[in-house]
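The chain that follows stands alone, in the form predicted alone, written as structure tokens.
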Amino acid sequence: MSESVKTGKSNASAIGSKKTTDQSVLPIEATNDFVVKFANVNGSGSASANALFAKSVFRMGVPVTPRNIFPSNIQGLPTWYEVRISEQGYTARRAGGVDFMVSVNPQSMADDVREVRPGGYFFYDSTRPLDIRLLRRDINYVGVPLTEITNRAYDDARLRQLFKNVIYVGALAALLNIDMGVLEQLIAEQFAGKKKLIEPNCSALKLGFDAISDEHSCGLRIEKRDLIGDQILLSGNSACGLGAVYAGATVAAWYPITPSTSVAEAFEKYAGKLRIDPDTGHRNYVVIQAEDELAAMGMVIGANWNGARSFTATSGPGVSLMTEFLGLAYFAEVPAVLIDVQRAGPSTGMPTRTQQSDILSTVYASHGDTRHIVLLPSNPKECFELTAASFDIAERLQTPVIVLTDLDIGMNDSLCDPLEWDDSHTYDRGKVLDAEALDNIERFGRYLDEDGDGITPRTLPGTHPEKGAFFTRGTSRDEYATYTEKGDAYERNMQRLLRKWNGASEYLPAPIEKGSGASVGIIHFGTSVAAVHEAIDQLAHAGIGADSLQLLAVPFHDSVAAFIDKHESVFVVEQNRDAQMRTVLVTELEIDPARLQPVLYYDGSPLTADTVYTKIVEVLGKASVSASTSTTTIAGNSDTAAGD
């Protein structure tokens, strides 16, 4: 850079020719390995422009991970969009600040400038002079007069606001070496149904591109690669909605709540395309917005009892309201599917921040002795697959199944392998008796376990004119669904439910183990997978080998206990304060708590590899010092004894 502070020509005097960058701090130079962050105002229309930037990197064949960081209001507050570009394919949030900050929101500028790494770049609207208090000597400033350019080109205030976002994407294309042809193709695809908008958006892009002159420079570059293959960008919530369609769901009952609302919206969108009777044009599905979460779960239970495949989607506060009905479905043994997209709690907490803090509240939802099956996807492909599988599992085991995702995976697009579906797949309805089977039974026992697996036969209403109807009880009953308060009957029923739980892992996805016999083992689940895999690479560089086990379901397979047994040090990585998964592991596997070291992170932002790496190294270092001290003490005692 000829000058450390770069401004547009209209703002050259704002800072003057004085060099403000510490010349000992070199500008960051990187190709296909850096973080760009956009600072905008919520409701300003910036989301589509920022996504355009991320998709252009993806189309250039470079792995990219975008994350939307937004406030819990509709309009007016600061919002951010962070994009990690990683040729190595790392997708976790990177710690240590950002390399290139696009700051177009005066409200957050002071915070935004502090977040730039030394040697990094601060892109701003130079139509007005930059406040001298925002100057740092160790970063590089890129000023472009966005407002001036926009005001010259557009008269309408709303158009100025919208196209200003597209203009800065064009400027970034020039600075970072993004192929303009790729951007123009993305715009053509985005507005394929509104072709009159294609040319104005492309023109705005060019305005931004042309605003970058020789006086602007940047050491960060995007170069075309072929590293994407057939991967796709997809959000977890969209994948869950599509998974429900492929699972045969026909009823969705829900109440809006961040960050799960788009699950129901995705289901409705995909069902509107895929679940329409080709002969009549009638919809073969229904989406019901209930008056609250409790009512939504009640509708789901009723629909499943009648033979439909039904589900709901919510977040932590909704789970709290649904617990009574979840207990009913567990005890009455009615299939149900709940997709819980976790956010930070307790209470309202941070509605637009991510966490993994609903583990205990879902595994043990409701009062009394209750245990629920929980599935734990880590990426959109697993969201699709586990949501589709959850309906089979729920009907096979006649119980609620909870698909536990979080805001990070749910509301952000992520790289994943293409979704696959076996068209020969047969839905598992479980032990459902038809009319012929009922004719061969003298007395139907709804809760009669004849084969010892804890799962009893059921019928659907209307199956048989005489024997098809049955009572489904949420109260104590005997094997024939007859109400009773006799203690022995209640105990038999509770033991049978426990037997069903203990055998459930047979129908659940097995955990994924990676590694080759290191002494360190890391247990993780959900969106922690990206940070853990990157941290394992960091540990390897430090000479520490580590194996990993990705949990996909509760209850646990036998391989989980075996993994713990064969590792000297075992760490459980999770995004909550109270080590909730560690608690479930200790409780369900009856493990000494000292065997499991917690690695916890819960500030609402996605987990970083540095967090995992630092905690593991710290614990292993202390253990090494402790072992060394212990050895020295024992040796000293031995020497003394020998001297005596």
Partner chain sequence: MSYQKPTFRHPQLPRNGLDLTRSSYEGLISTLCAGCGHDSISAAVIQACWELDIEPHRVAKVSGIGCSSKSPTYFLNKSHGFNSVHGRMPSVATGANVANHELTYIGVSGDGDSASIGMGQFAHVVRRNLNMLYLVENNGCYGLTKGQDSATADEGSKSKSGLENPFENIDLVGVALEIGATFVARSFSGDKDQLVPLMKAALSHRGFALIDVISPCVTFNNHHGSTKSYDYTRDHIHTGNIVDFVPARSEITAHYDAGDTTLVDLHDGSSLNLAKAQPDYDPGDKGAAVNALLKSREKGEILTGLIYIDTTEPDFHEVMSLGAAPLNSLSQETLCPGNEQLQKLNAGFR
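Numbering follows the first chain given and starts at 1. Not measured: the values here are computed from a predicted model.
The form predicted together with its partner chain exists for this protein as well; it is not shown, and the discussion that follows is about that form.
Each of T250, F325 and Y483 comes within 4.5 Å of its partner chain in the model of the complex, counting any heavy atom. Across the options 302-310, 553-561, 448-456, 195-203, residues that bring heavy atoms within 4.5 Å of its partner chain in the model of the complex belong to 302-310. Shown without its partner, this chain lists G521, P511, G298, G316 as candidates; in the model of the complex, only G298 has a non-hydrogen atom within 4.5 angstroms of its partner chain. Of the residues I132, L274, A157, A110, just one reaches its partner chain in the model of the complex with a heavy atom at 4.5 Å or closer; this is L274. The closest heavy atom approach of T127 to its partner chain in the model of the complex falls outside 4.5 Å. At the 4.5 Å threshold, heavy atoms of D214 stay clear of its partner chain in the model of the complex, well away from it.
Residue contact check for R59: one or more of its heavy atoms lie within 4.5 Å of its partner chain in the model of the complex. Its partner chain is not shown here, but in the model of the complex it comes within 4.5 Å of a heavy atom of Y285. With contact defined as any non-hydrogen atom lying within 4.5 angstroms of its partner chain in the model of the complex, the contacting residues in 405-422 are P418, L419, E420, W421, given in sequence order.
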